[in-house]
Each structure stands twice: as C-alpha cells, then as structure tokens.
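Before any questions on binding or motion, here is one chain by itself as structure tokens, the form predicted alone.
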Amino acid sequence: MIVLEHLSLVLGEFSLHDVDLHISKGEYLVIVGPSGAGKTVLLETIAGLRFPYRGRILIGGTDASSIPPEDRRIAIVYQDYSLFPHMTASDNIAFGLKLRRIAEPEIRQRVRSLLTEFNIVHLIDHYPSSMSGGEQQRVALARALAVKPDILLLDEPFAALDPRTREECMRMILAVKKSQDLTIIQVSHSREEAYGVSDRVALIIDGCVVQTGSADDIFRNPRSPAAAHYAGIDNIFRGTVIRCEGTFSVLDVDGHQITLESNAPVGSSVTIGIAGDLVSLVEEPRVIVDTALNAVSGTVTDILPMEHSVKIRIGGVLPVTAVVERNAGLTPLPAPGEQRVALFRPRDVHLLEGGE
C-alpha cells in the first residue's frame, strides 16, 4: 500500500535519513520513538505536506511525488484534533465533503451516519469548546473518515485522554479499521498503545528507522544500544569476549565476568543488555553452588517505586538495576546501604548490534 524508499528530508537542524518502510494494505503500523525523532515529520511527508529531497513514496504502486495531498486519499488527525472552533460537530464533519462539492443530501446522510457510528449524535449542534477531549477526538476522527480515505494518519490521537477514555477510543478505532479496511499509521509514545492496536511497530531514532517488528520485538528484543535505551532496558554494558565455552561466551565487563548464550569471537568488543525484570536480588551469594547464574554483588543505592513494580539499584564497580513486582509486602524490600547479589541467567543477557 505504501512504500518509502531511501526517504530523506532536511528541516532546519533536523533530518530524516534514508527511511525504508513497507506498509501493507489494511495494516496498522504504530511509529514510536523519543521526542524530536521525526515521527510527525514522517507522517506529514507521507501525507504530502512536506517534500523529501531524496527518495520516493509509492502509494498503491504509484510514485506520489506527482500526486497532490488532496488526491492521495489520505486523512490525518493531529494530537490537538484541530477542530474548527466556530463550527459545530456536524459542520466540522461536513467540511471536507463540502470542499469536494459533494451533493448536500449525501453530505447530510454521511454526517448522520458518522455521528451514529461514533456515538456522538448528541453533539450534532455542539461546538468544540463544550466537548470533552474524548468527544473532540471522536469528532476529529469522524471528520477525517467522512471523505472515505484509504489511509488514516494519526499523530498521538490518544495522548490527552484519561486511561478509560483512551481504552474506549482504541477499541473504537480498531472497529473502524476493520469495518472500512483502512491502512492506519499512528504516532505514539505509549507502549500500551503499541501493544493494543498495532499489527507492527516501527522505531525511529534521530530521523532513522532503526527497527521494525512486533511490539515484543521492539520492547523486549531491541537490536541496538539506542533501541535498548528507548525500550527502557535497565542494564546496558560494554565488554570484551575473553573466552568461549561451547554455545556460551564469557565477557569481561569492568572486571566482572558475565556469561551469555552467544558465539561471539574471543577478543571482540560487544554491547549487552539485561532487562531489569529478569534480574533477581538475594541476600546471600547462593550462586557459589548454582554456577549457571551470573552474579554481581553491590550495595543498594536507591529504590524507586513504580505503579506495578519497584526499581532497585545496587551500586558498585558494575551498577545493576532490578525491577521487582509489587507483591503486597509479602517480601520485604531491601533498604539503601544493604548488601545484595544480583542474579541473572546467561540466556537473559541480550547481545546488541552496533557500537556504544
């Protein structure tokens, strides 16, 4: 449906670099990445609102450089919804249809149908200022879909919504996608949204698409140090392979030996990542007996409570962070200054591509 080939664009000090991306018809692609990575710029380039200096965009097999934005059959909804404040909900929804000089009876029929589909008939004569965030979002989506696009671009559409409303809107957009066979590309900062709606996720960092795959691929199996940092992998270290033992490699990381499942050559310098929730903390170094586990000793330096877990950092020559699930206080948490041993399995040490 959409093919981006070596897409490059310069915008002040920011640039997109050599973006290659294939998006299938009917696919729901979520684009994630840090602020300023180029997610919205990429959406606007697909929509024809910005122009690459190199590369091309194919839409349905046709080079889109000769297709003006209004003829690309693409609709875009921004984070702030961009509703016309002086227009009612029905007038906002009808706006694009009137620009296309659709007959008035068809406009009325299509507006009424969308008001019903999005459960906002009660807003027919309301202005945006009197609507909640969720209501504004539904009106904005109805306006975008009124012109019957083939492709829907969403720029953080759920960012301003409370959790319950966001969940309702995610269900709604999935239902709309299915009923209209839409191809959807959504920009998001939310891991929840990536898991909840996507068929596939693309990670963009500093204007480059660095990884695509399932939400699990992006957040649980990042391929590079930059992707691991974005995914929130708590422990990223660089070390040197000092020996290989069958299917295992042993690294020297600041004087500590760490074993992982890998056949990296001896003498090579590699970067590894260990997710904090795969690290356990014990008081005694029972790994003297259980030699299959990696062990790093240190002193608890800080404890950070989260919604569903607690992050515990032990300091030393090799600082390690463990993420421990909250368990109603059944296991007492260590206090700062106490000694602990961080344990993790070789198979949970993830070899990352690239450099620092």
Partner chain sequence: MADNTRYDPCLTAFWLSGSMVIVITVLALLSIAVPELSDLSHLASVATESGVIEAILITMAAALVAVLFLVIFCTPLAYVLARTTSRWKGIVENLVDIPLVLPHTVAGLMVYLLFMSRGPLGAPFKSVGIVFEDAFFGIVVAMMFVSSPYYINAVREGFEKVPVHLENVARTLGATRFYAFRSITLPLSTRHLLSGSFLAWGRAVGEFAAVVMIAYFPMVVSTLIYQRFTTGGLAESRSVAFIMIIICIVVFIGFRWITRAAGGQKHDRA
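Please read these numbers as outputs of a predicted model, since none were measured by experiment. In this text, rigid core is short for the largest set of C-alphas that superpose within 1.5 Å between two forms. Positions refer to the first chain, counted from 1.
Separately, the form predicted in complex with its partner chain exists; it is not shown, and the next lines address it.
J.: Only one of 141-149, 232-240, 274-282, 208-216 has heavy atoms within 4.5 Å of its partner chain in the predicted complex; I'd like to know which.
T.: The contacting stretch is 141-149.
J.: Report the residue, out of P319, G36, G60, P69, that has at least one non-hydrogen atom within 4.5 angstroms of its partner chain in the predicted complex.
T.: Contact check passes for P69.
J.: From the list E192, D80, E261, D199, which entry has a heavy atom within 4.5 Å of its partner chain in the predicted complex?
T.: Selected option: D80.
J.: Considering only heavy atoms, tell me if V310 and its partner chain come within 4.5 Å of each other in the predicted complex.
T.: No, no contact at 4.5 Å.
J.: Answer yes if any heavy atom of G96 is within 4.5 Å of a heavy atom of its partner chain in the predicted complex; otherwise answer no.
T.: Heavy-atom contact with its partner chain at 4.5 Å: present for G96.
J.: Report whether the minimum heavy atom distance between I76 and its partner chain in the predicted complex is within 4.5 Å.
T.: It does: once its partner chain is placed as it appears in the predicted complex, I76 has a heavy atom within 4.5 Å of it.
J.: When the contact criterion is heavy atoms within 4.5 Å, does F248 count as touching its partner chain in the predicted complex?
T.: No, F248 sits far enough from its partner chain in the predicted complex that none of its heavy atoms falls within 4.5 Å.
J.: If you look in the predicted complex, which residues in 112-134 sit within 4.5 Å of its partner chain (heavy atoms)?
T.: Result: Y127, S129.
J.: Tell me, please, whether between the shown form and the other one the C-alpha of R164 is shifted by 2 Å or more, with the rigid core used for superposition.
T.: No, its C-alpha moves less than 2 Å.
J.: Answer yes if the CA of L99 moves 2 Å or more between the shown form and the other one after aligning the rigid core, and no otherwise.
T.: Where the cores coincide, L99 still shows a C-alpha shift between the shown form and the other one that is 2 Å or more.
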